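Shown here is one chain on its own, the form predicted on its own, set out as structure tokens.
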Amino acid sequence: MARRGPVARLGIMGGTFDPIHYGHLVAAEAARTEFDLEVVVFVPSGHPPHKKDSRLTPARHRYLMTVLAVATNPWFEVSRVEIEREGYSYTIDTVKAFRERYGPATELYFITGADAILEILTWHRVNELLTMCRFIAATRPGYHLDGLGQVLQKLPPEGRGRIHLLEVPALAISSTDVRERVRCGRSIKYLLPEAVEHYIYKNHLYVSDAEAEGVEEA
């Protein structure tokens, strides 16, 4: 899953990474330095239950783009734990896998966006999940936090105290915008690592359905 040996503080960066971009990478690095994490493991999602109706790029592409993106950072790693799991990918199952791998002495920090935290009350077995790890909710500058405060108030006090906010300027970049830019033939340079940009174009990702089918048949 990730490196062997004792780890005091481990970051788990969850997401679809469709595609991964500099916002994800800057958020992970900011969390690593701010919370003194020894390693951050990126976990591309397999079959996220909250995106049942959306069409995700095949997991193999999202995984390989993530590997390319983190290759130059010695504190970053990538795990296949979710994309190899059958059925829906629930965060609690992923956290349990890391807990079993690293043991009770390792403090786990799950890194995600503040938008995702807004939906945390709907997450599978959320109260149990909050006893197993801390959350780092990355926000962009000027993010409206009123809604988040209302959500947190509905959590038990002990769980509420395990969610930490982290402001990350680069989060103005979004995967949705990157995909739309590719579809429209607009530049995505400097929004994500060059290796990921080349991978997207080489594999004809995020083009129209007709174009994608043509590539698959070729």
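Numbers follow the displayed sequence, beginning with 1. Just so we're clear, the structure is a prediction, and the values are computed from it rather than from any experiment.
The form predicted in complex with a small molecule is left out here; the points below concern that form.
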- Note on the structure: With the partner omitted here, the residue among 171, 31, 41, 70 that in the model of the complex has a heavy atom within 4.5 Å of the small molecule is 171
- the small molecule contact at residue 57 in the model of the complex, heavy atom, 4.5 Å: no
- Query: Looking in the model of the complex, any heavy atom of residue 116 within 4.5 Å of the small molecule?
  - Reply: yes
- Query: Is there a heavy atom of residue 11 no more than 4.5 Å from a heavy atom of the small molecule in the model of the complex?
  - Reply: no
- Quick one: is residue 99 in contact with the small molecule in the model of the complex, heavy atoms, 4.5 Å cut-off? no
